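The form predicted alone is given below as one chain in structure tokens.
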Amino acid sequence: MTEKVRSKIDIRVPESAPAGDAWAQFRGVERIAMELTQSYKYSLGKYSRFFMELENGRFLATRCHGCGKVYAPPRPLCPNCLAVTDWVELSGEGVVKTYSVLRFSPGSNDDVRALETPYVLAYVLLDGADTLFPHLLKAAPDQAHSGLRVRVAYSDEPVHHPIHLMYFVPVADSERQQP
């Protein structure tokens, strides 16, 4: 007999069912592999400038002219005083506040599927910012630690989503900006 279902993984049928099992006829299980793909167009809206500047190797945040807070990731509206924010450029350097080592990739797009596990997701407080920026830290998991100085680096390779144009890397002692 030829296999007519290409996605079939296996069929599991119990050898016997207990007497009186009302579900006996439904105990055989066929498992198949399925992939759900969804394609849609999405506008990056008010955040577009952030992503466009990543293509130019610039890291932008937003500053509230009312309370002075600096948001990275950028926010078009200050959540504290509801004022419209202004764009500001940050140096891209900061410090890891916390991190997680991911040993499984969700595979949400081609960029994420290409990541070798384990990889590090770091929450970075960028110099001049008031909020944490969560993103990929390209460093060995045993190199990551709270307090690690990092900087934004930019990808030269094409990416699926513009957020993957940037990532964090540790700052070598020789690279640290002098006061």
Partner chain sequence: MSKVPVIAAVGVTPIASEHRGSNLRDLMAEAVLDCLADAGMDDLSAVEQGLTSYESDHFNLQMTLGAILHDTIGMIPKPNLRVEGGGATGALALRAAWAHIQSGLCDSILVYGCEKNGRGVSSRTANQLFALSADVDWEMMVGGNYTGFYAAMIRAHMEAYGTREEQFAHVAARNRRNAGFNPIAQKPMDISIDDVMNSRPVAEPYKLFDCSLLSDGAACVLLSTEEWAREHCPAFDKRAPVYFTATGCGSDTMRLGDRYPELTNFRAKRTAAAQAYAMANISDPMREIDVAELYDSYSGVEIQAVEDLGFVERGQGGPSVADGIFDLDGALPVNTSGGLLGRGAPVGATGILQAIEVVQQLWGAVDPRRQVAKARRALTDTHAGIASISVVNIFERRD
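Residue numbers count along the first chain shown, from 1. Just so it is clear, the structure is predicted and the values come from calculations on it, not from any experiment.
If you look for the form predicted in complex with the partner chain, you will not find it shown, but the lines that follow are about it.
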Is the gap between D156 and the partner chain in the predicted bound form 4.5 Å or less for some heavy atom pair? no
Given that the partner is absent here, does A83 sit within 4.5 Å of the partner chain in the predicted bound form, heavy atoms only? no
Contact label in the predicted bound form: G92 to the partner chain, heavy atom within 4.5 Å: no
Any of the heavy atoms of M52 lying within 4.5 Å of the partner chain in the predicted bound form? no
In sequence order, the residues of 153 to 171 that place a heavy atom within 4.5 Å of the partner chain in the predicted bound form are H161, I163, H164
